[in-house]
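Coming up is one lone chain in structure tokens, specifically the form predicted alone.
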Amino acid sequence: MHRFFTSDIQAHTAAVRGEDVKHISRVLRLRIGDCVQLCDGQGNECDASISAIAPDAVTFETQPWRRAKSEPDVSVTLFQCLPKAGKMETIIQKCVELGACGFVPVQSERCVVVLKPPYEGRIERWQRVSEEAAKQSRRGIVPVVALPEPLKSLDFSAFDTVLVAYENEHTVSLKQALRSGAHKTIAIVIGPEGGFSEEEIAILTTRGATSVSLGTRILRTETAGMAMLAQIMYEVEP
């Protein structure tokens, strides 16, 4: 069943606007009476049938709302140091599918890519990738892509666990870190192609991060976040 996000919700009706109107009426060729799933972007979903189609909106009659079963019990935000070329789109797409709840692009010392303001165009494109991946994977939210931040300005006060993947960590594994206690809000920090400098690791650890090993093999930056997120979900989800 097709899935759409909307915040235009009334007691027993809802409306979808914007680009999805054309997708519903012209691409999918849905008609009055056809059924879809709607999601409010806050983790709630419902079954709904089309009651009216207009050029600027598709209106639905909604069934009772329920919590989306696709949302994990743990909230994981990926702090991803900026990678080369179009890798960020792939990282966002796959990590949304795996259950990430948010993304923060990070400018670090060894990033080849340097983003300069205005950021709006790049962030809008990444946010569209997030939304499409959320629809495809039947997520209950659309993970938000935040504005880029320099590594030295990162604030982890909103998280109970902060884990940074570091190739020179040989003592603490990701599994050990995850089994050290309960985790509800997790930040994972992934370096760029050139990795983190020792100074950056020191900055992160003084702010409460735990450096962890992802194993004996060195992963590419676009692989590390996905691998780390998959392992986290396996370990903490029931």
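Numbers follow the displayed sequence, beginning with 1. Here the structure is a predicted model, which means the values were calculated and not measured.
The protein also exists as the form predicted together with S-adenosyl-L-homocysteine; that form is not presented, and the subsequent description refers to it.
- None of A187, L204, V58, I190 but one reaches within 4.5 angstroms of S-adenosyl-L-homocysteine in the model of the complex through a heavy atom, and that residue is I190.
- The partner is absent here, but in the model of the complex a heavy atom of A165, alone among A165, V104, I141, L154, sits within 4.5 Å of S-adenosyl-L-homocysteine.
- Of the stretches 206 to 214, 63 to 71, 39 to 47, 26 to 34, only 206 to 214 has residues with a heavy atom within 4.5 Å of S-adenosyl-L-homocysteine in the model of the complex.
- S-adenosyl-L-homocysteine is not shown here, but in the model of the complex it comes within 4.5 Å of a heavy atom of A224.
- Taking non-hydrogen atoms only, I218 approaches S-adenosyl-L-homocysteine to within 4.5 angstroms in the model of the complex.
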